[in-house]
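Listed next as structure tokens is one chain, alone, in the form predicted alone.
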Amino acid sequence: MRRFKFKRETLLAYSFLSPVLLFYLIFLMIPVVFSVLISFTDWGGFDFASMKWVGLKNYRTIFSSQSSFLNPIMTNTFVFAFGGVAISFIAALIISYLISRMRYEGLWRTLFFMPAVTTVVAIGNVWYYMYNPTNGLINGIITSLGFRSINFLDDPNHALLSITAVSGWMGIGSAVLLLSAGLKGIPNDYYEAAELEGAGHLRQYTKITFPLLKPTILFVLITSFIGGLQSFTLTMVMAKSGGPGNSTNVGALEMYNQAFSFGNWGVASAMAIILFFVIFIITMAQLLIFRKGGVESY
């Protein structure tokens, strides 16, 4: 009887979970398996009869000396992801700490979070016009100070860094929200005890705030890096197709172009598999580093 009751409870639990499990199966697991399979094929999309098995040919093409995927595309991807995360994370650490000690904290958090709920296309177009070399706001300020205008998006030396700066600015709001929530979870008793011992704000931050904020920092870094490595919309909007040349082309944008512009779905899927392993390795490295630093809950 007890065993029957356990089975009944298990079936009831799975019946409630079935919509989520079905959604997970249809929209995640099946596409992942299908993507792995077509990475070993030569397929132009849509017509299954034209699918041809080619084995590791797509991977050999990607890693060949003639391919631009590893350099400059993946190099651009790392610069874009690491640069954007560095800007947003460092700025968010400072901002979240400052607004936690200011009046109207909720208002400040809302203002900083607003770019995170604005569409990437809108933000990209606004910054595109702000970067305009003739009548853009930024170049207007530069020329008013007596300097020459900068061709931010058409110069290969400036284009990627200009878009990376926008990506970092976009990520500040989400990071501030998460880090502020982490700061709220630190008991005030620690700070009161530190003040009694004569510790200043800098020592309190380095000895109390930062160590206790490590789980939140880990979450912010991992999600931000994954988002940065997968991002391509901002680059597509601001630099059109990764130009000039391939100076702003990133991994996800190259996959999009290979699949929808050139009809090379097999090559695009192989690139997606490679990017997956890159993200997996970086995530595991972050977990290992933080675990050694004392974040045992992960």
Partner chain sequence: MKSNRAPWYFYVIIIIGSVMMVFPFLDMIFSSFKSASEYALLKYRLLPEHFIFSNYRMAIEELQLLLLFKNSLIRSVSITLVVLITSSLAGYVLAKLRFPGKQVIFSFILSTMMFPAFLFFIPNYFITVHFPLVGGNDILGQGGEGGLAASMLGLIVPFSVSGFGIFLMRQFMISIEDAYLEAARIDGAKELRIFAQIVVPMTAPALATLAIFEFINSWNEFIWALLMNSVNSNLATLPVGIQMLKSAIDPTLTQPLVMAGLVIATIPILLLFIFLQKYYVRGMMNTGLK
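For clarity, a rigid core is taken as the largest C-alpha set superposing within 1.5 Å between two forms. Positions refer to the first chain, counted from 1. Keep in mind the model is a prediction, meaning the values are calculated, not measured.
One more form of this protein, predicted together with the partner chain, exists but is not displayed; see below.
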Would you classify residue 115 as touching the partner chain in the predicted bound form, given a 4.5 Å non-hydrogen atom cut-off?
yes
The partner chain contact in the predicted bound form: residue 149, any heavy atom under 4.5 Å:
no
4.5 Å heavy atom contact, residue 262 and the partner chain in the predicted bound form:
no
Does any heavy atom of residue 72 come within 4.5 Å of a heavy atom of the partner chain in the predicted bound form?
no
Contact assignment for the partner chain in the predicted bound form, among 194, 130, 79, 186, heavy atom within 4.5 Å:
130
Would you confirm whether the three residues 135, 232 and 269 all fall within 4.5 Å of the partner chain in the predicted bound form, going by non-hydrogen atoms?
yes
Sequence-ordered residues of 26 to 60 touching the partner chain in the predicted bound form, heavy atom within 4.5 Å:
26, 27, 28, 29, 30, 31, 32, 34, 35, 38, 43, 45, 46, 48
Indicate whether residue 200 shows a C-alpha shift of 2 Å or more between this form and the one not shown, with the rigid core used for the fit.
yes
Just checking, between this form and the one not shown and with the core aligned, does residue 28 shift 2 Å or more at the CA?
yes
